[in-house]
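Take a look at this single chain in structure tokens; it is the form predicted alone.
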Amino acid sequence: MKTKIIRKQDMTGLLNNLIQEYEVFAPVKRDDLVIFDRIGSDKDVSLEYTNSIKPPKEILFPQSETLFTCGSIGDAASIEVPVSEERPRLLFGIRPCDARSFLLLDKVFNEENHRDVYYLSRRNDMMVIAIGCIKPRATCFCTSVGGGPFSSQGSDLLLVDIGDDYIIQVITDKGSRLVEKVGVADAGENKLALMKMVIQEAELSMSPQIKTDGLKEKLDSAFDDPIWGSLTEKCLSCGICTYLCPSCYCFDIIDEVTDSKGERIRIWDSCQFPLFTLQASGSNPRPTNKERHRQRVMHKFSYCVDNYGQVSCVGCGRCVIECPVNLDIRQVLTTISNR
């Protein structure tokens, strides 16, 4: 793996140069919250953050998007598909868990027989520059689900903060071409030793929080276990755990029509909503919190293993932090594992 180095004070010039070529998204502060948004200069960026409250997945998979508009003029019908962005996108400063989530979304939206052209139009040519977590939160559990505070999965470049400098780990050919173009120097042995120490300290600060060995089999055998009722009885079905999840991808499609013009719109949906599985007959196979929360856990830690070969959770901890009733997925999984 190639490693480069850049002084933090030089990041300003680098970012401003990238903005000329790419549509750059980065962490920005809005009131007291950090979110990912387009930036017009380096002054918009806030890198002093643990993680954004919302994942940057909406850059690839918007919360609401128009798939096409339709209308009629006389007897003629027309359909118009929105034009995709011309400039390539660059996602700067995301955390490794969020970068890894893109690989999970790729499996869903880029299946051989089910390719989502809207997602892929944003995903193609997108550059991902992640920044490692030197101080993971207590709610982070990425190491329990195959990731880590300095995981390179899903990134083209990974930045490691070593004080006055960033070490740049070059992960992909795309990342290599970028660093060669901007002309950053190679990292020396002393700086690499410091990088290894920073990474080791961060990883040691994270104790294993979920026992994943045999978890899928335990979940499959516990489908009808009455424990689900007590585990999830305080759930409000608010859906915040799914809306803040970087790897959730459920959506609904609605048609809105005014006079002779209409739009087909895709919006995020959630398996936690009571109406999610409500059928036209009035029947609902998931009528209570128990069935809905069980579905979320089973989907992430069992069904996605069957369908995609890995769990659909990156351990970012957003659902742990933001749940209004403190329903902790780590505790749910631990209870099931110990059955």
Partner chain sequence: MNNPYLPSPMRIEGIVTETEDRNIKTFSLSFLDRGNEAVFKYIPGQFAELSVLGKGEAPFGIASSPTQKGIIEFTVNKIGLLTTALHNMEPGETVGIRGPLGNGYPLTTLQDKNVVIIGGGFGFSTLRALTTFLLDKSNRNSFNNITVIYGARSPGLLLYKDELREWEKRADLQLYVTVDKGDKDWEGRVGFIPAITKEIAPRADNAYVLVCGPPAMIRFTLPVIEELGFPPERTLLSLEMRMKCGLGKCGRCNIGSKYVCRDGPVFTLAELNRLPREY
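Owing to the predicted nature of the structure, the values given are computational and were not obtained by experimental measurement. Numbering follows the first chain given and starts at 1.
Below: the form predicted in complex with the partner chain, not depicted.
Picking from 150-158, 263-271, 86-94, 194-202, which part of the chain touches the partner chain in the predicted bound form when contact means heavy atoms within 4.5 Å?
After filtering at 4.5 Å, what remains is 263-271.
Residue 185, heavy atom within 4.5 angstroms of the partner chain in the predicted bound form
Answer no; every heavy atom of residue 185 is more than 4.5 Å from the partner chain in the predicted bound form.
Answer with yes or no whether residue 116 is in contact with the partner chain in the predicted bound form, where contact means some heavy atom within 4.5 Å.
Yes, residue 116 sits close enough to the partner chain in the predicted bound form that at least one of its heavy atoms falls within 4.5 Å.
Taking 4.5 angstroms as the cut-off for heavy atoms, does residue 276 touch the partner chain in the predicted bound form?
Looking in the predicted bound form, residue contacts with the partner chain include residue 276, since a heavy atom lies within 4.5 Å.
According to a 4.5 angstroms non-hydrogen atom cut-off, is residue 41 in contact with the partner chain in the predicted bound form?
Judged by the heavy-atom cut-off of 4.5 Å, residue 41 is well away from the partner chain in the predicted bound form.
Quick check on this chain: which one of 225, 180, 111, 125 has a heavy atom within 4.5 Å of the partner chain in the predicted bound form?
The option sitting close enough to the partner is 111.
Looking at 164, 255, 189, 213, which has any heavy atom no more than 4.5 Å from the partner chain in the predicted bound form?
Flagged contact: 255.
Select from 1-23 the residues with a non-hydrogen atom within 4.5 Å of the partner chain in the predicted bound form and write them out in sequence order.
Sequence-ordered list is empty.
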